[in-house]
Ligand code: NAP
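Only one chain is included here, represented as structure tokens and corresponding to the form predicted on its own.
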């Protein structure tokens, strides 16, 4: 039998109804964690599928709706998670949006919404979760989804790249603040991962071939590639990793040729 490295742990995964979040929730459940599948309004059916999949495989999960851009809803999500599952050990800040928009067409509304969901959401969730972890007195893990876009620019992502750089920086600062409580804070920087958030981009003729040609391992990443790294950072094997950012991109960033 495969060891359950996260047995007796409780994890909250934001934006877990689809894509990377769904894969992360499933992987943490496979490792023995009881999982809160967070989702926004309108994703009830997708979230229920994730929960049913986890329960069907012998795990334990509950779906909780909350817009991470709303601090009140975040507080309610964390309180509900504690009510249902009794504690909180792992937070995965995964929720994020990236509507591809040209710079000169960028509206204040789009700009603010991306900041609110991506960066403010990570702040609200991290603060609420870390308070619980601090009071429990048994440490914890905060793992946030940054992006390769924290390191490079994007012509249609001028609203998105600053949020991902901000998430990376937030984890570095929280590593200092929360380390004394045994709470480690790290970020993951996915490269070209095919998900719903960028499907329209990759559906452009020849785009997948163009991008994979720049990736040394010769393929786009999958949500499972990211989920495995999250599971590692959530485990005791990663107890001395704090304030790190792990680039998971198949070598894309270092390929300047």
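Numbering follows the first chain given and starts at 1. Just so it is clear, the structure is predicted and the values come from calculations on it, not from any experiment.
Same protein, other form: the form predicted in complex with this ligand, not shown, and the subject of what follows.
The contact residue chosen from 128, 174, 145, 114 relative to this ligand in the predicted complex is 145, the criterion being a non-hydrogen atom within 4.5 angstroms. For the three marked residues, 140, 184 and 236, no heavy atom of any sits within 4.5 Å of this ligand in the predicted complex. Only one of 129-137, 78-86, 146-154, 102-110 lies within 4.5 Å of this ligand in the predicted complex by heavy atoms, and it is 146-154. Proximity of residue 20 to this ligand in the predicted complex: non-hydrogen atoms within 4.5 Å are present. The closest heavy atom approach of residue 67 to this ligand in the predicted complex falls within 4.5 Å.
Contact annotation: residue 190 falls within 4.5 Å of this ligand in the predicted complex, judged by heavy atom distances. A residue is said to contact a partner when one of its heavy atoms sits within 4.5 Å of a partner heavy atom; residue 165 fails this definition for this ligand in the predicted complex, lying far away. Within 4.5 angstroms of this ligand in the predicted complex, the stretch 74-103 places a non-hydrogen atom from each of 94, 95, 96, 97, taken in sequence order.
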